[in-house]
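First comes one chain, alone, set out as structure tokens in the form predicted on its own.
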């Protein structure tokens, strides 16, 4: 089934009382390329999913610019992963198999096989449907960065929804 994502998001935000969405433009210069300073097989990998994932016992996300983060143990069972997101209609497959958007199983396998050094003990999730660019730039990004630094993450994987 084809879903016009842009139209769906626009309609959802209008129903929630927001003004029409203004797409973020980061500027004209691309972000600088930063090469890894060690082999990926030696790196600690951080993970951020914008899927609204949380683990059993944690609070679900609410829909009005919820800029909070959830820490999820890397060994969390897929049966204990839950989702709440402003774009609920895109969660059918993740609810069947959380690994399609929070790839803990795949990353733990890569860790065991020596393809990555290790997955950080805590992975993170946020509800990616944030209308406020200010909240993303001033709250979410610095919070994720700080948490990655505290776990001595060398490289991070962003899995957008």
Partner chain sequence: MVARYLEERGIPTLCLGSAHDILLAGQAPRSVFLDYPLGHSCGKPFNEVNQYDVLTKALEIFEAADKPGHIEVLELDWGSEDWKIQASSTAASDTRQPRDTSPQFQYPEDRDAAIESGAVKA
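The term rigid core refers to the most C-alpha atoms you can superpose between the two forms while keeping them within 1.5 Å. Remember, it's a predicted structure, so these values are computed and weren't measured experimentally. Positions refer to the first chain, counted from 1.
Beyond what is shown, the protein has a form predicted together with its partner chain; the following relates to that form.
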{"item": "Residue contact check: residue 101 to its partner chain in the predicted complex, 4.5 Å heavy atom", "value": "yes"}
{"item": "Interface membership of residue 67, its partner chain in the predicted complex, 4.5 Å heavy atom rule", "value": "no"}
{"item": "Residue 124: touches its partner chain in the predicted complex, heavy atom cutoff 4.5 angstroms", "value": "no"}
{"item": "Residue 45: touches its partner chain in the predicted complex, heavy atom cutoff 4.5 angstroms", "value": "yes"}
{"item": "Sequence-ordered residues of 104-119 touching its partner chain in the predicted complex, heavy atom within 4.5 Å", "value": "106, 107, 109, 110, 113, 115, 116"}
{"item": "CA of residue 147, rigid core aligned, shift of 2 Å or more between this form and the one not shown", "value": "no"}
{"item": "Threshold 2 Å Cα movement between this form and the one not shown at residue 137, rigid core reference", "value": "no"}
